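Okay, here we've got a single chain as structure tokens, the form predicted on its own, with questions on binding and movement later.
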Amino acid sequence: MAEVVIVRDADEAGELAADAILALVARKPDAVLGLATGSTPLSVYRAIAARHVDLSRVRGFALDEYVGLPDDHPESYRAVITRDVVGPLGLTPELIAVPGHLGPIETAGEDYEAAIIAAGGIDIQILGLGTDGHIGFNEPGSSFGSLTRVKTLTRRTREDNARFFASIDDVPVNCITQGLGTIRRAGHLLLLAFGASKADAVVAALEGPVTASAPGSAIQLHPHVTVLIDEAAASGLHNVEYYRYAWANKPAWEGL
């Protein structure tokens, strides 16, 4: 079962996630992080940056990327990772990889998988959760064994992301994403979700059947998952009182 922590807001979630990530870095200065983009993980990156820890040896692999945007497009995930993560956290740019940027797009999935394996695997993977239940850009129907590959985005995902572009017509149709199988190989999954619009997806991920129709439910198959959600995102959960009780009575030495 995933550990579910219901927080006041995104800032509290960011502090808890930062605790886990920096504890890892203290033990392993060249830790490997899986880096998510979008608005959801920003509180995590802000909390880490505020602590002024040396992260220059940390290696990182972005979760996904659009296909077809130039590297310098402000909404390419290469640009977003550089702007929101690498700069503020003091990461070394050469140690941060983004899928689709290691070679030809035809072999980009295989190239990315090889790079992750060569780095020793991802220690902590940061994840958001789409309103349709996707993690990364693994849309409903994605195989639980899938690896990094090019995918076609659903209309709903493009509509959700249109706020970052002039219009939905400017949102790319294709992407490259770590697969559910890739994500499940990470040592620790940190999934964050905030707001009532994520409530149904949270229920499907945590308490629904394990099904490709709800890609987030793949986390139920992972041995070490921490889910950080606010009250609104937790509003549909059936076992919410147990989650609160378990967190309140967790031994302090266990950490996240």
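Since the model is a prediction, treat every value here as computed from it, not as a measurement. Note that residue numbering follows the sequence shown and begins at 1.
Here the subject shifts to the form predicted in complex with a small molecule, a form of this protein not shown in this document.
The small molecule is not shown here, and in the predicted bound form it never comes within 4.5 Å of any heavy atom of P140.
Residue contact with the small molecule in the predicted bound form: G136 places a heavy atom within 4.5 Å of it. In the predicted bound form, the small molecule sits within 4.5 Å of a heavy atom of G130. Contact between L63 and the small molecule in the predicted bound form is found at the 4.5 Å heavy atom cutoff. With the partner omitted here, the stretch from 155-163, 92-100, 114-122, 140-148 that lies within 4.5 Å of the small molecule by heavy atoms in the predicted bound form is 155-163.
Comment: the small molecule is not present in this chain, but in the predicted bound form one of S43, T37, S217, T226 has a heavy atom within 4.5 Å of it, namely T37.
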